[in-house]
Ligand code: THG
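Only one chain is given next, in structure tokens, and it is the form predicted on its own.
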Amino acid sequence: MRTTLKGKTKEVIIDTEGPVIIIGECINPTRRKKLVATLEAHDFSYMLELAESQISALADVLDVNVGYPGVDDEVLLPQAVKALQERFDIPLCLDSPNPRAIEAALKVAEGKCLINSVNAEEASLQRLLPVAREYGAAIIGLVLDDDGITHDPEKRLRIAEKIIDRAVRAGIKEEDVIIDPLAMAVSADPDACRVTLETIRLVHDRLGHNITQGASNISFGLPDRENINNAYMAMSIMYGLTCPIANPEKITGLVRAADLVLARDDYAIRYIEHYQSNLKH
């Protein structure tokens, strides 16, 4: 299955049979005091620096989150989108819990964006699916519903099926629904990663949809997080993850290696290009 996203002119295809696509996570005020301070002043220079560094590190799509306590993201998110698209030609993933902010950003965005995210709660489905249809956006479907978060992979699969079904009935193409299997902290639940990996396998094998997740969620609260994240990421890609939301400066090498060993990089061309690019820096 192929999900197409677009910037002003650049097109990115997320393909269940193709190489892994990286959604850069760094435009997010969480634990970034400088980003909060500059956004509060409506100064987008630091945000643009973060975007440029992620693009240089081979992010294919940029996640854009400007949410922090007290922010009017209905104003700030579309301003951020315009600032990014004036400078860069790359597809955007619009990340906000506020549906009005998502809609405001889609009104000014060029190309085809990804909405992060819809879930199976009735309020979310009713509010965001019509917006995605109206503006031609793809969506991330997070596998939780009005009953909360289930730890049963089969139930998570059924929630994914519900989101897909409702999206299609709302006029959204099936291929424009990317599933998020809900990665949780393994420090809080020893089975968290196993449950999510099994959910990835089920979605890949039974539904055939593209799959994303927040790559660093699972290691929260633990030391040496990068090793944990890398081990989990490699397993996730093997099971069917196609477009993680992650820091490309930390994950691109692993992704290129995974694509190579899974026969998605003929003659190791992309792997070697990445290696040579690192030598220059």
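In this text, residue numbers run from 1 along the sequence as written. What you see is a predicted model, and the numbers here were worked out from it, not measured in a lab.
In what follows, reference is made to the form predicted in complex with the named molecule, a form of this protein that is not presented.
Looking in the predicted bound form, any heavy atom of Tyr68 within 4.5 Å of the named molecule?
Contact with the named molecule, no.
Look up in the predicted bound form whether Thr30 has a non-hydrogen atom within 4.5 angstroms of the named molecule, and give yes or no.
So Thr30 counts as contacting the named molecule.
Asn116: heavy atom within 4.5 Å of the named molecule in the predicted bound form?
Yes.
Can you work out whether Ser236 and the named molecule are in contact in the predicted bound form, taking contact to mean some heavy atom pair no more than 4.5 Å apart?
Flag for Ser236 set to no.
Which residue, Ser53, Asn230, Asn217, Thr38, has a heavy atom that falls within 4.5 Å of the named molecule in the predicted bound form?
It is Asn217 that has a heavy atom within 4.5 Å of the partner.
Could you tell me which stretch in 122-130, 70-78, 152-160, 138-146 has residues with non-hydrogen atoms within 4.5 Å of the named molecule in the predicted bound form?
Looking at the other structure, the answer is 138-146.
Only counting heavy atoms and a 4.5 Å limit, does any residue of 230-260 reach the named molecule in the predicted bound form, and if so which ones?
Those in contact are Ile245, Asn247, Lys250.
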